[in-house]
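Just one chain is shown here, as structure tokens, and it is the form predicted alone.
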Amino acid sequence: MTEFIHRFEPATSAGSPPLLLLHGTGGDENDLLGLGKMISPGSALLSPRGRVLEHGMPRFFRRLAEGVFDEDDVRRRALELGDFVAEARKRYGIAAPVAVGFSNGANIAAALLLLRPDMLAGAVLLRAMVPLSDPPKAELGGKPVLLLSGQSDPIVPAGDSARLAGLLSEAGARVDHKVLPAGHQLSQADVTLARNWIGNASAKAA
């Protein structure tokens, strides 16, 4: 298996989509398990740890400075993550997951959507920004994406998250972009909106 330290928790409910949980900088494979259970009780949870270290903190890809990504590394790491998801699907017998990513994890999820769209059923992107300045031409074929941004986020400029929403929409995703009265940290509103959105997306898929 493509080597990612990870946690897997099998589904306890047949109707809930599997989730791919992608932590932010300094998190690990345990970080978003609680969030996954809150927003989609009963889902299978697949939670890898980022393989890049920045001052000892795990991330999913390298950056050159705050908000400046090493885009060659973004592409390489997103493809590695796609391989991991493909292998995990076979190993654990799960359908294509919905990615739930926070910050750095949301950015790699957005890159994965653009580079390997077949790997994901959709995505919840929490405080994401555009991961690639020159993204490939992707065909997302109506995949649902929830993008939740913070109005006073000091890390993600408002224009950047709006650009990401436009980029994913142009690629054919069904994007629901909401700007919350929050900063970069997650709020109760994020949890509630994500839970309702996953419930609606699952109902439509069924």
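The structure presented is a predicted model; accordingly, all values stated were derived computationally and were not measured. Start at 1 with the first residue shown and count on from there.
As for the form predicted together with a small molecule, it is not shown, yet the points below apply to it.
Comment: the small molecule is not present in this chain, but in the model of the complex one of 121, 129, 94, 115 has a heavy atom within 4.5 Å of it, namely 129.
A heavy atom within 4.5 Å of the small molecule in the model of the complex is found for one listed residue only; from 38, 180, 155, 138, this is 155. In the model of the complex, at least one heavy atom of residue 25 sits within 4.5 Å of a heavy atom of the small molecule. The small molecule is not shown here, and in the model of the complex it never comes within 4.5 Å of any heavy atom of residue 51. Residue 67 belongs to the set of residues with a heavy atom inside 4.5 Å of the small molecule in the model of the complex.
Using a 4.5 angstroms limit between non-hydrogen atoms, residue 163 is distant from the small molecule in the model of the complex. Looking at 167-175, 141-149, 39-47, 53-61, the stretch with residues near the small molecule in the model of the complex, meaning non-hydrogen atoms within 4.5 angstroms, turns out to be 53-61.
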